[in-house]
Every structure is written in C-alpha cells, then in structure tokens.
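One chain is shown next in structure tokens, namely the form predicted on its own.
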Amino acid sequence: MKKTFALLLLFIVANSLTYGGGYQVLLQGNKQTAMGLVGTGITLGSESIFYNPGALPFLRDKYSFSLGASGIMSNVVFQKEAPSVYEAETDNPFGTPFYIYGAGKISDKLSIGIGAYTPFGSSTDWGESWAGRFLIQDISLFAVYIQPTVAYQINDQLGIGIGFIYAMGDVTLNKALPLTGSDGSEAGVNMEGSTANYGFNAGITYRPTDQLEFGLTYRSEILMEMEGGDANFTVPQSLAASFPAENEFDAELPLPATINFGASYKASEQLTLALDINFTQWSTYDSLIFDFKTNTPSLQDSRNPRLYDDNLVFRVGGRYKANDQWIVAAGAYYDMPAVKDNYYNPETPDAHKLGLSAGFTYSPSENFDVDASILYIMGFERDATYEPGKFGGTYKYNAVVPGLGINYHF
C-alpha cells in the first residue's frame, strides 16, 4: 500500500476506549490496567517504558521482561433525535491490543529498554445502511509503536528517561455518498493505507522517601504529513467522470501532546495506593482537511471541522499484597470528553465515562509473575449533533476488556 493517512485516521478515532470513544488504547500493562490504568507515578515493571521512562533505573531486578494482551468487547448504541424512533447499534469485531517490553541495567545508573505496543487498534462497524452512513460506515485500524528507551538515575531519589517512538499504522475506512444509481444502489468511497512517523516519550521519577513516588511524563505532538493516500470511489456510471475511481489525496494533522502526572504511596508493607492525572492537548485538532489530487466540479477539496477541546482523565488505584504469591488490585477513572456537543461525529462517540477495574498478580516463583485484569467502561448517555452533516441523536456505549500478561525478571 502507498504511504497514506493511516495514523491520521487513527487519531480521528483516537479519543478512545480509555480516553474517549474511538480506540486509543492505554492497555499497556495488566498490572496498571487492574489499578485503573495508573502508571506514571508507580514503578511496577518494564511497562514503565510506556508509562514513565524515568522509572526504569528504579526497577528491582537487573533485567525485566513483560508481554501481554487484552480483549476489547465494545458496543455503541445510537438513537436518532425525536420524534424519530430510529435506533442503530455497532457490530464491532473483537480487538486484541498487545505489548512486549524488555529492560536492563547497563550500570548502577544507566538503564536501557525497548517496547513494542499497540496504542491504537480494533474496529468500529455501524453497517452499510445505517442512518449515519454518509459520515461513516466502518473503520478498521491497527498500529504498532516501537520505542527504544534510555534512562539515567541522577541520584538515589531522581531518575530521568526518554524513548524514541517509531509508529507504524494500517487503516481501512468506508462511508456512503449521497448519490444513487438507476438501480437504487448508493455510491461510496473506500480509503485505506499505511504510514509511519516519529515522536518521543520522556519522563521523570522522583522518590523523596521509600514510601512515596512521583512521576511526570510528556509525550510529544507528532505532525503527520500524508501524501498520496488512496481514495477509491464507487459511483453510478453516469457520474464516473466526476468521481475518479482511483484518486489520491494529501492531508496533514498535528497529533496532540500529552502531559501525565502520577503519584503513589506505600501505606504499609501490603498496601500501595496510586493516582494519575492525564492531560491531552486535543485542541490542536481543529479540522480534518483532504486535498484531492484530481478535482472535478463535484469533487472539491474538503475541510471538516472537529474543534476538539483539551481533556483531563483522573485515575486512582491500589494494590494489596495478600502473601508472597498473590497481589490483588482495583481502580477507577473518570474521563472528560474532548468532542463538543455540536461537532460530534460517530467516528468518535465520545462522552463522560467511568471506568472500573480489578485484577491480580500471581507469582509461582521468585522470578515469574502472571497478571490478569478486567476493565469495565460505562459511557454516560449523551445527546449530540455533528452540525456540518446535520446528523444527531443520543449515543451510549460500554466496553468490557479482559487482559492477561506474564513477567520474567532476574
């Protein structure tokens, strides 16, 4: 496939399962997921490559390896504005985001690591004939981030780290067009492709005492510049000249930066409590612009307003060590929406959300752990409209996300 706008579309739907309503996936460690997805201010393993690179020097063991996956089972229900009684429901495939991390200490001060993880994945499928088909029918996406990381322990209390991110993504999107052939069939467009780009993830960990830990991270904005995206139109024969069957387009989008603060407190030998606050600069997502290679009177370049707001997510969690083999955990988070009520596109069914999680870690030996987590996400019912498309109604969704991971450290 040609280099295209895959990560652009990933961020079209990036206000996601754990941030908004699409599929930005923060399921990058099952220990952290079990605690409400906290991880910025608590060091639990090599998953800190994602959550806070500055924590790597504080890992207990010289070498640490983690791998795991989650299963996303999500559902969105739409009801059209009254007096209509129309209702639609997504038929989303089962998503399986994964993570693999490895970290090691080169010296007492210097640590390195590498991670491969899927911050975007799964699919949204509204069906071919639903009422909002002119905005979106279905979108399937998959992205892998590879992040080599280096960290340095400045003193007994302070560690810093930075990771270079190489991001790869694939996407397929389908939507209908308001054109009908003589046989009654509707026109449509298919867009698909893959791309790659770069960014970084930097973090600081501060431990003023043995019981208290603070973390601060910054994930950079990434400006995605796409050229030669594939746009394949299917239209009635009489309009074929106005909609070239194989067209191309360019697009550009800034991917927003995130700032994350976290803290944890070891209340006793058994109990550890933690919190995270995540801030995402979604306001950089002002519009989605498509510049088609071939324009006709019926096919002009398009500007699609998004006008996102910056958003906050508040997370709390705890871990309790029952004995040398078992640790149980639980957590919760509250997610504020970034999408405005009047620019609400079913690509991103965003809402105020409450997430509840639980899980455990089982250690059959000193060097080997098994992590399990379960996350339930409840999106509060929301009345919203996408004014440019004059399409609105009531959205409500939920998701259940089980996860399993293993860790080896020595």
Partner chain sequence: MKRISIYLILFIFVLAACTPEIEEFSPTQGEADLSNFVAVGNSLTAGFTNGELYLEGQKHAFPKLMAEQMALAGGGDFNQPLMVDGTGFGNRLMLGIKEACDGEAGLAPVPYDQEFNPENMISIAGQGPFNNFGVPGAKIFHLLTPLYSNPQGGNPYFARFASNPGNVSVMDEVMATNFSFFSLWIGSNDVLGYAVSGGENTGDSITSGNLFQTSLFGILTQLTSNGAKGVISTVPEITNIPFFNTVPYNALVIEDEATRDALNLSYEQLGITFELGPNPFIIEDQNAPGGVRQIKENEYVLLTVPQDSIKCAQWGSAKPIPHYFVLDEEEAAKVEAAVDNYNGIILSVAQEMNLALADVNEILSKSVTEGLTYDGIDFSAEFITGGLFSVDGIHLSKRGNAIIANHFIMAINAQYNAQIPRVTVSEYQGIPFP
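Computed from a prediction, not measured in an experiment: that's the story for all the values here. Positions refer to the first chain, counted from 1.
One more form of this protein exists, namely the form predicted together with its partner chain; it is left out here, but the text below deals with it.
task = Quick one: from Y198, F134, F314, F94, grab the residue that has a heavy atom within 4.5 Å of its partner chain in the predicted bound form.
result = By the 4.5 Å criterion, the partner-contacting residue is F134.
request  = Tell me the stretch among 77 to 85, 281 to 289, 94 to 102, 150 to 158 that has any heavy atom within 4.5 angstroms of its partner chain in the predicted bound form.
outcome  = Partner-contacting stretch among the options: 77 to 85.
ask   = Are any of the heavy atoms in E381 no more than 4.5 Å from a heavy atom of its partner chain in the predicted bound form?
value = Although its partner chain is absent here, E381 would touch it in the predicted bound form, with heavy atoms inside 4.5 Å.
task = Flag P236 as yes or no: does it have a non-hydrogen atom within 4.5 angstroms of any non-hydrogen atom of its partner chain in the predicted bound form?
result = It does: once its partner chain is placed as it appears in the predicted bound form, P236 has a heavy atom within 4.5 Å of it.
key: Any non-hydrogen atom of D310 within 4.5 angstroms of its partner chain in the predicted bound form   = Output for D310 is no: heavy atoms all beyond 4.5 Å of its partner chain.
message = I'd like to check something about W326: if you look in the predicted bound form, is any of its heavy atoms closer than or equal to 4.5 Å to a heavy atom of its partner chain?
response = Judged by the heavy-atom cut-off of 4.5 Å, W326 is in contact with its partner chain in the predicted bound form.
request  = Give, in sequence order, every residue of 364 to 394 that has a heavy atom within 4.5 Å of its partner chain in the predicted bound form, or say none if there are no such residues.
outcome  = Stretch hits, in order: I374, Y376, E381, P388, G389, K390, F391, T394.
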